[in-house]
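Listed next as structure tokens is one chain, alone, in the form predicted on its own.
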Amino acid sequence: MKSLNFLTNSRSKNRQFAVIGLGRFGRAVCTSLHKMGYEVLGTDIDQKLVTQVLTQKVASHAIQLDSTEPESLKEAGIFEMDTVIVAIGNYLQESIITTLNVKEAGVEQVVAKASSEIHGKVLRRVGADRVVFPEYEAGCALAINLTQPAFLERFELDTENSIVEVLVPEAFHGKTLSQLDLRKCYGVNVLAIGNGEKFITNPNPGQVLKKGLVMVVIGDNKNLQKLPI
């Protein structure tokens, strides 16, 4: 069963994104955002990568520029974007300078790719709002998928707490939220319950759960892992 994308659909569709660096990671980000209907501008210093993105139509726009030059970023409209993803991982100097440029220009949300712990620390020091380690995170996601296949989507609030979409397990079928008392038994709270058509937010204690429905649950990661699957 595919994710019902309750979390994704709750986000504003009017946000504009810029992805700087069109290697494998950058193209993947462009592709995913573009498929979700967001306005995405891709940039890279390598014209071949820009052409590839334009040919594959995985971004709304794509241009060649040197992201270490603030004026080039300004002329391209990068500073007007809601979120900028700095997807330059292997060129530390360019990655750091670019992150500094966009953050100093006032971009609200700057996400930067790091290739090492030290790289990540420097990116945070120069203002990155979020630092990602794609290889590490992909490994963690795979481990969760293998051990907890009922988790359809996961949104990390911080390193210890998450919101997840999870299929209602067999053990919960036919029982009410009051009977299950998930807060007491598992230390988690149900934010919404839904099917393919509609979600009920803040469900009442008498809400009956049925196998095949989806619960949107918030809690500590350790407690979430205790949910039956």
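Keep in mind that what you see is a predicted model, and the values were worked out from it rather than measured. Residues carry their position along the shown sequence, with the first being 1.
Note that the form predicted together with adenosine-5'-triphosphate (ATP) isn't included here; everything after this is about it.
- adenosine-5'-triphosphate (ATP) in the predicted complex comes within 4.5 Å of no heavy atom belonging to E39.
- In the predicted complex, adenosine-5'-triphosphate (ATP) stays beyond 4.5 Å of every heavy atom belonging to S116.
- In the predicted complex, adenosine-5'-triphosphate (ATP) sits within 4.5 Å of a heavy atom of Y91.
- Contact check for V168: no non-hydrogen atom falls within 4.5 Å of adenosine-5'-triphosphate (ATP) in the predicted complex.
- The stretch from 186-194, 169-177, 59-67, 199-207 that comes within 4.5 Å of adenosine-5'-triphosphate (ATP) in the predicted complex, counting heavy atoms only, is 59-67.
- In summary, among the residues L54, I45, L182, I163, the only one with a non-hydrogen atom within 4.5 Å of adenosine-5'-triphosphate (ATP) in the predicted complex is I45.
- Contacts of stretch 171-192 with adenosine-5'-triphosphate (ATP) in the predicted complex, defined by any heavy atom lying within 4.5 Å, are made by none of its residues.
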